[in-house]
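A single chain comes next, written as structure tokens; it is the form predicted on its own.
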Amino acid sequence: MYETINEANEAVLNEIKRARPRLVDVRPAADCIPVLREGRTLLHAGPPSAWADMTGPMQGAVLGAAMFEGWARDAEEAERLAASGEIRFTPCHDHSAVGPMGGITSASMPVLVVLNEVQGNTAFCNLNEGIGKVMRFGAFEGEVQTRLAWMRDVLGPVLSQALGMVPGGIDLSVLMAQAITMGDEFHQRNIAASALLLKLLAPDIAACEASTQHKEEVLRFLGRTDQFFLNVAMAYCKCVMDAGAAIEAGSIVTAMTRNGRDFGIRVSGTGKRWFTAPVNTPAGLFFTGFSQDDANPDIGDSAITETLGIGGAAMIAAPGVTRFVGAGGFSDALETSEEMREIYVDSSPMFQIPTWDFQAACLGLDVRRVVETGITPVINTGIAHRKAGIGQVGAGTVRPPRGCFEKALEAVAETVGVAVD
């Protein structure tokens, strides 16, 4: 259908640019993701993984989800259940979904529903739990269970009612185009986008039929959760990249993700095939009392932001993030984004960055460029403790292993009839 890889890549990029995702609803995950209606099933971040291979944060989140769903009365019973093989695990990415850190998503958890009004595909992501001990970083008891129940019973239904009063849902491209000019890069900094989302939803939250107490709780939660938009941005990026992947040709990376042991990528010309290599461990700044020795290896679906070309690739949009993740100052942020220009083949017309002299954000990560230059993407990330039950201990940056890009390039070559020794 396409005579060259460049021609195929142009088609992929055109679909990415045409996509127009809108936040249209918040629903129980089982209403949106059929596999979660099939008994004891959990979605997880990264390429496929089994219980025995999961690192501490993901195992902790599994225990939390099993208790939340009522499959187990306590952590010990949940661990026995998980080890018995009675819980089915499947990657979020295989079900049009993404999830930060452990990515564990169960049937009763509310998910964001993002609909691409142009190509018609949909993407899902669970809701951001805020700060402190949270399930996505591997905590599973006490306040974690209380918050998950509140999100199921109050936050999800109130947001669903509010979004139902917004005709056509919220145009996320417009919101994000504004937020990137206010200093967000959409992975480690989402404070502007979170505030803009609250600004849009607040009148409808106030007008919905929920009790006054519940509306106040939701408004206060959204007001203090600076990273609430991260999960929205992830669903946005998943929706856009899946639209590009539908071309089924070319060498553009359509997913980057990690499960704590393996880093996996998918490429536009090789469908849903995973190309994996062992993950690296993030380096950065740690909360008081923790150090690099406590860090879990790289984990989570949030690298879908860098897959699109924001997050670490757009470090110059949010130079303050470089201090938060221990990566230097303004000149370092500029150097990072300039380096990323070497491996992304296009620019996003939606996302212009004032601190980059209004250059557009990167777009189109090409496995050929990664292998040719030896430059791998920079990923901004939170850092989870390597043991289950503790949670986040810092934030930093990490790069994917080059091996998964080399494997992908060989597979792309085979699709166009080039033999690889």
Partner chain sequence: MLHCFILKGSFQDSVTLMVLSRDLSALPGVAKASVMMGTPANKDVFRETGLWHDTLDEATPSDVCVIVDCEDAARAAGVLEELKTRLADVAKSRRASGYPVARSWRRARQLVPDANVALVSVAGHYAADVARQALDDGCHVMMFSDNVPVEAEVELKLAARRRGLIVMGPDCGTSVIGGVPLAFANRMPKGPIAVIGASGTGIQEICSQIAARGAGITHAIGLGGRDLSAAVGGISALTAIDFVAADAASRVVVFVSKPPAPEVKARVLAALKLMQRPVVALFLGDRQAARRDGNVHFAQTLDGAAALAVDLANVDSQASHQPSAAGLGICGLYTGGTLAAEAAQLLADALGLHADETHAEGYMLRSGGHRVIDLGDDLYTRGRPHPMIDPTLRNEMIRALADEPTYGVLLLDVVLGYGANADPAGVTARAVAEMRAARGGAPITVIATLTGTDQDPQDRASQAAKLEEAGIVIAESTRTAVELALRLVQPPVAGIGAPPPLLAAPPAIVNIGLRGFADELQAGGTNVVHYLWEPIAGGNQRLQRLVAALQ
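As the structure is a prediction and not an experimental result, all values here were calculated from the model. Positions refer to the first chain, counted from 1.
Not on display, but discussed next: the form predicted in complex with the partner chain.
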item: Contact segment among 128-136, 215-223, 165-173, 341-349, judged by heavy atoms lying within 4.5 Å of the partner chain in the model of the complex; value: 341-349
item: Contact test, all of Ile5, Glu335 and Arg368, partner the partner chain in the model of the complex, heavy atom 4.5 Å; value: yes
item: Cys32 within 4.5 Å of the partner chain in the model of the complex, heavy atoms; value: no
item: Heavy atom of Ala413 within 4.5 Å of the partner chain in the model of the complex; value: yes
item: Close approach of Leu409 to the partner chain in the model of the complex, 4.5 Å, heavy atom; value: yes
item: Contact of Gln145 with the partner chain in the model of the complex (heavy atom, 4.5 Å); value: no
item: Among the candidates Ile375, Val378, Ala360, Met67, the residue which, in the model of the complex, approaches the partner chain to within 4.5 Å (heavy atoms); value: Ile375
item: Sole residue of Ser331, Gln292, Ser211, Gln178 within 4.5 Å of the partner chain in the model of the complex, by heavy atom; value: Ser331
item: Any residue of 103-126 that, in the model of the complex, places a heavy atom within 4.5 Å of the partner chain; value: none
